[in-house]
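In structure tokens, one chain follows: the form predicted on its own.
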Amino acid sequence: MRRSIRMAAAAALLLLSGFPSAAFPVLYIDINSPGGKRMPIAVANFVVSGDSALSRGIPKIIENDLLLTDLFEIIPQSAHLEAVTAAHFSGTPLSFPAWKVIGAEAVVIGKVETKGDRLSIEMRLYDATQGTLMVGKRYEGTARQVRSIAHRFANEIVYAFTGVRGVFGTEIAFTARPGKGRGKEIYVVGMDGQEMRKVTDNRSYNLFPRWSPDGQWLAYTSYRTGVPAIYLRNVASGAEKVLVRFGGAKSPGGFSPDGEWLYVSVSVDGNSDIYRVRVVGGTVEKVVTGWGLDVSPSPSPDGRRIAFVSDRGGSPQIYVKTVGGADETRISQGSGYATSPSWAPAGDRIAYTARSGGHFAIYTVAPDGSGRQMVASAPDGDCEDPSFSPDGRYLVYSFRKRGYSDLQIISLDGRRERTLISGHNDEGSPAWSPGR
């Protein structure tokens, strides 16, 4: 399975180097400074041989990506004083004073060449103040891969200015009821809310999607045969296999960092415990057991600990324990209801859902239970099922109120929020894919 995962992960597009790029990013932007200065950046119309719509289409994707970070200010096209031409890719320098006079501190230019059914896209990022090339990349792919290529270069821009990898091109899996169908299906949508597609289509209940560490597989529970089982599905090819059949109610929690184990909760003889199941071979090991309900396992990024939910104290609460150890520490506070733990990629915070003032809200807390902070709440509905972005800066969660649901993305400081997707029925269980 590990070999097949690696083979499935082979990119369909080719990245060609050949341009000078800084070995280390120049940290122009402090992402940990809320409300800090935004970087003014201009994304010029691309030089295109072929589909003229790409001239503005690719820059627009990049601009929209950068706006989502709240770190950049886009200089509008109407303000640009210099038209980028093919000559700027064969030795003619940009007129950097013309870009600086409109306030741009950085400039992105690009060129698209058509070769049969394939495209060659060259993109460059310049520091307009210094007049130097910061990043230059050339990509080859098909017309269907244009959005993916644009996302990749937007990630390069973010990294060049912040030292943190961008999350453009990542996806979010979630469940929803089909408009005229029964049950619940699993969908995947880009983190920018684009290119949504249905992953399952079996008119049954398909629940709790969880990504493998390489982003190629989804684990989920399905009732398609009338009896719940946990499946593994290759997102690209649709290939599937059953991983967990034993027991009654069951749900996947999360993969170990190396992708070799899947943590699951399974009810046997009316008692729900937490197991880990080897992805190849199906070896089963019990990890958490005891009186009451033990569910929703979430392994830490280093694989040494898991967070989980247990009602052993009388109500569902969040606990953390060392894998293979006997220690178990409750980290959620109060006597109410707490569930759905999700580790931050750095391992320094755990997000979870807890009841607050009659509604559910999203909190984060350190793994030792200290420093609890509320991130998302609503007076007229419930905020549930948080999942961290690969860079740890955002959470996706489901918002519900009577007769309505959607998926929201919110910054970890709670200052910036946007709707990811709406208009479906009973949207929930969002899971953010790993970075790419």
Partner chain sequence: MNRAFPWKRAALALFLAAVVSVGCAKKQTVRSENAGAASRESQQAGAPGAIGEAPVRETPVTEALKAAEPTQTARAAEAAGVAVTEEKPSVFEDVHFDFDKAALRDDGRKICQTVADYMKTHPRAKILIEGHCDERGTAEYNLALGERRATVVMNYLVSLGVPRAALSTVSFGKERPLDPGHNEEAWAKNRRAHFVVK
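It should be emphasised that the depicted structure is a prediction, and the values quoted were computed from it without experimental measurement. Residue numbers count along the first chain shown, from 1.
Same protein, other form: the form predicted together with the partner chain, not shown, and the subject of what follows.
- Although the partner is absent here, Gly91 sits close enough that one of its heavy atoms falls within 4.5 Å of the partner chain in the predicted complex.
- Taking non-hydrogen atoms only, Tyr337 approaches the partner chain to within 4.5 angstroms in the predicted complex.
- The closest non-hydrogen atom of Glu122 lies within 4.5 Å of the partner chain in the predicted complex.
- Among heavy atoms of Pro379, none comes within 4.5 Å of the partner chain in the predicted complex.
- In summary, among the residues Thr289, Gln333, Thr225, Gln77, the only one with a non-hydrogen atom within 4.5 Å of the partner chain in the predicted complex is Thr225.
- Checked against the partner chain in the predicted complex, the candidates Ser300, Gln216, Ser356, Thr364 yield a single residue with a heavy atom inside 4.5 Å, and that residue is Gln216.
- Remark: all three candidate residues (Ser148, Glu195 and Ser315) come within 4.5 Å of the partner chain in the predicted complex, counting heavy atoms only.
- Per the 4.5 Å heavy atom criterion, the partner chain in the predicted complex is contacted by stretch 305 to 313, the sole one of 98 to 106, 279 to 287, 324 to 332, 305 to 313.
- If you take 186 to 217 and check each residue for a heavy atom within 4.5 Å of the partner chain in the predicted complex, you get Tyr187, Glu195, Met196, Arg197, Lys198, Asp201, Asn202, Arg203, Ser204, Tyr205, Leu207, Phe208, Arg210, Gln216, in sequence order.
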